[in-house]
Ligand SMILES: Cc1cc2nc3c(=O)[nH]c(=O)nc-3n(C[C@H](O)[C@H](O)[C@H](O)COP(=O)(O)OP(=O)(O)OC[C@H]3O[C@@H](n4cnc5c(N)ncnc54)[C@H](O)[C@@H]3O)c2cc1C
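Below sits a lone chain in structure tokens, taken as the form predicted on its own.
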């Protein structure tokens, strides 16, 4: 097993684009596929140089294979590690990065070889800024990614047998309050950087509970603030509820693409020129900290 770049995959999200990015270091990456055989076969057709397949046993989450993936990675010593924003993939990337002693970045959209360094370009502030990180040592990157066509050909698949996974099982699984997940909910309350501090998420959650709605956020809130894992947008989740209430969201193209199938959009923002109003059915130009308590009071009465 070799390769200057390795990709850790628990699903096919951005798989081809990550393999393409990793190839910028001069060789086709090795993909560690933790999941069913279908995932390994998709990885083999992604342009990878080699696929290492790890199939979880029944009832064992992919996250339990953190030590196994870390052992594989440290033995090979790649310069670059890539994973998607999927929760399991990020967990495995973190375990491997810690074992490898790699610097870690998020929101990666491109990779370049810069002499003896690796340069990783990362999207910031909803795509308004591209920040480039350089490192002489190994780098682990959570990819924002993009959809790309898969090249022809197929890489060999090696089935890895690394003993027992960590003692981790799925104890419970049930729909989240507020009508289930974001993609299934009939109502969604989304918030952006207009929410000033993390503690104020409680106000958003209270409003969502009153509306029997799910809660989502923008990419900067997830990537830069790290207040939530899942976000709404082109590189995150696309939603199609009957109602989407946008609180303090400016409305970048990255975000509005994720709400293009929403039936009714209502937005609250202090900026009358905010792009979100061009998508909104209803808009209020005001401070959400003044409007949301009034909405809550009306709902309770």
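Positions refer to the first chain, counted from 1. Note that the structure is predicted; figures quoted are calculated from it, not measured. Only the largest set of C-alpha atoms that superpose within 1.5 Å between the two forms is called the rigid core.
FYI, the form predicted together with the ligand isn't displayed, but the following is about it.
By the criterion of a heavy atom within 4.5 Å, residue 138 is excluded from the residues contacting the ligand in the model of the complex. Although the partner is absent here, residue 282 lies well away from the ligand in the model of the complex, with no heavy atom inside 4.5 Å.
Although the partner is absent here, residue 15 lies well away from the ligand in the model of the complex, with no heavy atom inside 4.5 Å. By the criterion of a heavy atom within 4.5 Å, residue 165 is excluded from the residues contacting the ligand in the model of the complex.
At a distance of at most 4.5 angstroms from the ligand in the model of the complex, none of the three residues 9, 34 and 60 contributes a non-hydrogen atom. Stretch 190-198 is the contacting one of 79-87, 204-212, 190-198, 101-109, since its residues have non-hydrogen atoms within 4.5 Å of the ligand in the model of the complex. For the residues 259, 69, 274, 40, the 4.5 Å heavy atom test against the ligand in the model of the complex is passed only by 274. Applying a 4.5 Å heavy atom cutoff to the ligand in the model of the complex picks out 286, 287, 288, 289 from 276-292, in order along the sequence. Core-superposed comparison between the shown form and the other one: the Cα of residue 100 travels less than 2 Å. Positional change of residue 35 between the shown form and the other one stays under 2 Å at the C-alpha, relative to the superposed core. For residue 134, the Cα coordinates differ by under 2 angstroms between the shown form and the other one after the core has been superposed. In the model of the complex, the Cα atoms of residue 91 and residue 254 sit 3 Å or more nearer to each other than they do here. Relative to this conformation, an increase of 3 Å or more in the Cα-Cα distance between residue 249 and residue 106 is found in the model of the complex.
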